[in-house]
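A single chain comes next, written as structure tokens; it is the form predicted alone.
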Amino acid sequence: MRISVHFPVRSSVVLVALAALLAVPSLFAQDLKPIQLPKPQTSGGKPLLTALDERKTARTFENKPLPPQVLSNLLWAAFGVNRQPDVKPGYGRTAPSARNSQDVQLYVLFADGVYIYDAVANVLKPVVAGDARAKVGTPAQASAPVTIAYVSDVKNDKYSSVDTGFIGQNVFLFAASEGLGAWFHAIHGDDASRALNLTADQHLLYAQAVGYPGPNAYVVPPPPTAPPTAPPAAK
């Protein structure tokens, strides 16, 4: 009886090929194309103190996409490039980062797919096709036209949460300045990292929904009340 020795070889080839596919996120983007954003507008808007006074969390959103220019301005305000390399290596950014690590990546989620924001090129690079917004947030949060998911390298977890806070506040202030709503939130889906095609070396930190505020956007729902207790039975 002859025992074939080709199956293990073929299996190894298949596994290697599959690993190569998993290592290249853009292969999962199907028909998505890179989105070249318009040059961000870096002046205008409301005064800083006015934006601070109007900063708040929106909890409902209109089903209305952000225009390309507004989207470009939003991402630039969040963590865009605002100066050439100087004392530290790398381009200067609109939000600081510990040890100038610039570690936090912005994954931008739309109804059609997931993209990574390349701040230097001002381009959204496709990662995964399909709507992943509900994978990282509640239905109310997923109703926003844009969700920004904040991702870092696991090795930099000591600083990345603080850096994300800087970026998230930039988004809040831009939203207040431009009549948008924003909602910074924890990750709610157990399979959120898989939905974004993250690797074991990446950590999904928080997310932020952004869009035009809907009706009663700033009304905080009351906490649930305990059901009334039944009166004691008559004796």
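Quick caveat, the model's predicted, so the values are computed rather than measured. All residue numbers refer to positions in the sequence shown, first residue = 1.
Absent from the display: the form predicted together with a small molecule. The rest refers to it.
Put simply, Q202 is far from the small molecule in the predicted bound form: not one heavy atom of it is within 4.5 Å. Proximity of Q141 to the small molecule in the predicted bound form falls within the 4.5 Å heavy atom cutoff. When the small molecule is considered in the predicted bound form, A186 lines it closely, a heavy atom lying within 4.5 Å. Put simply, K46 is far from the small molecule in the predicted bound form: not one heavy atom of it is within 4.5 Å. In short, of 66 to 74, 53 to 61, 193 to 201, 37 to 45 it is 53 to 61 that has heavy atoms within 4.5 Å of the small molecule in the predicted bound form.
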